[in-house]
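Consider the single chain below, provided in structure tokens and representing the form predicted on its own.
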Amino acid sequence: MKHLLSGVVCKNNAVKQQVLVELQNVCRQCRACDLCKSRTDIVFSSGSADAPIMLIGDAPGPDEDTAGKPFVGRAGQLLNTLLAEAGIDRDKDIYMCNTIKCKPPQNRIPTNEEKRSCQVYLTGQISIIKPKIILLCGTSALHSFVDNDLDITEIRGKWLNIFDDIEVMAIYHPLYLLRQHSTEINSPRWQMKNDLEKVKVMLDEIRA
């Protein structure tokens, strides 16, 4: 499924940052779905607007809802470790955001209606950042771009044909990996390590 991206053409980091702030301010006023009633704050993004990689997570959790930034809890700490081990700098190389910008109650999976309500913000972020690589981190993130019958365990680690000019890969969500402690060959943690190593190779090729 191809996505048509529309938005402001941003030629430098300062302009990108300004447009992102404007989009974030619009998002902060959003009342498009009922999640606005229980949020502490929207969870919009973190990282550099010039980052070559965009990592899109599923939905914010309680820690993210409090901090207003994605991937700051235990799962985020594990993700930081895995990225660092692969030689990927979270602060410089990755712009992080979520499929939806408000925490669902009881950490449930976001509904299709909630994802549709937030789609304008996610599409805007992609249009502004113009990443070279997108990582779909978790099942909900993956199913925001591909058919729901595709299992992340079957297509993770593969480069997906979603955008014409962006390399896309699905990876496990670190929250899932917190329950998977084994590092044996073909274990989820082992697979994640190998997937991120593929991402680093692609990143180096893009920068060459």
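As the structure is a computational prediction, the values presented were derived from the model and not from experiment. Start at 1 and count along the sequence shown; that's the residue number.
The same protein also has a form predicted in complex with ligand URA, omitted here; what follows describes it.
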**Prompt:** At 4.5 angstroms, heavy atoms only, are G57, G61 and H173 all close to ligand URA in the predicted complex?
**Reply:** yes
**Message:** Partner absent here, but in the predicted complex, which of 24-32, 64-72, 142-150, 176-184 has residues with a heavy atom within 4.5 Å of ligand URA?
**Reply:** 64-72
**Item:** Contacts with ligand URA in the predicted complex, stretch 86-104 (heavy atom within 4.5 Å)
**Value:** N98
